[in-house]
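Consider the single chain below, provided in structure tokens and representing the form predicted alone.
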């Protein structure tokens, strides 16, 4: 039997492969930090263009605006982690506000000939339940009836918006402050309250972010979710309850959208069925800018929050420096496209980095047969 030994790799080959792996690692690191880099650039640019941009008051105001998109984006993150999409969240925002307006205006009970005014806590619970119900329908359509997530949630976008218009008859509910005599006051706390000096919406964003982070990092559900998004077939064969995971993320996404709708209605002290239009795009953009992969299996709460700040600070910064509304829409659209392009670029670099690392490891060990 003859044994041959492959020629040992030259020092030049080994050095070149190691250098390539390092370059790709650095580039991948830059891709991972793209949201932080974008946020830093925005802060520097708008601070130079306007003295009022980086004041404490303005930063708190901008963060309050960011909180609404961030709350929706946290739910969207879970959906995207499993490789799906939820286009219905903007309509859930409008629907939850309308349901709150209807309940706070009083529910007529025809049999008893009375009008019931539920307490604010009951209104909030019922509105969140409505959002969860829409999310549950999304989950059932995707899991039980095998409807593509894009189509299922697009259909529910119209259904939820149509329900909001039917309930309100296309009108806006004004004066949601309630009446002390009826016991339905306190709704304004969500939008205008300032516990410990910060708006309630910022506290809600922080609490929800912490809860989602713990869910992803410390619970079996988080491991199931990443596994489902990374390789659904392998996760199913490993015993992961894939359909349950899919349904739960849509329910949570609906709940987050409903909370955002309540915050908006509370802040404006009115509810309109048109509220929340295009908010789904802001949420998707925040998640993708934050480093999540649209194909699923990759994404973090920290990145999503930074992505939401990028979207929010960009929008508010353009307003502060006096950019036209038309240009604002164009720029936001360009940012969303750029975010997706960067996500695709990161995936390509990761594949090249993996191949380079494998090649570098292979040449360090002379092959023999």
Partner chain sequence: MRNLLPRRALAIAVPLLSATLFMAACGGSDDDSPSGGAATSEAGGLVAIITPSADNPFFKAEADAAKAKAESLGYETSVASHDDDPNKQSELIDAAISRKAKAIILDNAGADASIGPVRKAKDAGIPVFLIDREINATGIANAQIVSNNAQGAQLAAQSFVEAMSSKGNYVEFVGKESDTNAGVRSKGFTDVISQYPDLKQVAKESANWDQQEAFTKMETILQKNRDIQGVIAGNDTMALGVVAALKAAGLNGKVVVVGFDGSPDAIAAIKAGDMHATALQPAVLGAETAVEQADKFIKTGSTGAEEKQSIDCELVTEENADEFGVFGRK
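Note that the structure is a prediction, hence the values are computed from the model and not measured. Numbering follows the first chain given and starts at 1.
The form predicted in complex with its partner chain is left out here; the points below concern that form.
Comment: its partner chain is not present in this chain, but in the model of the complex one of 142, 130, 245, 124 has a heavy atom within 4.5 Å of it, namely 130.
Checked against its partner chain in the model of the complex, the candidates 337, 319, 331, 41 yield a single residue with a heavy atom inside 4.5 Å, and that residue is 319.
Here the chain stands alone, but in the model of the complex its contact with its partner chain, taken as any heavy atom within 4.5 Å, falls in 94-102 among 245-253, 179-187, 94-102, 283-291. Heavy atoms of residue 174 reach within 4.5 Å of its partner chain in the model of the complex, making it an interface residue.
When contacts are judged by a 4.5 Å heavy atom cut-off, residue 83 does not count as touching its partner chain in the model of the complex.
When contacts are judged by a 4.5 Å heavy atom cut-off, residue 198 does not count as touching its partner chain in the model of the complex. Interface residue remark: residue 209 is not counted as part of the site for its partner chain in the model of the complex, having no heavy atom within 4.5 Å. For the partner-free chain shown, just 279 of 278-307 comes within 4.5 angstroms of its partner chain in the model of the complex, judged by any non-hydrogen atom.
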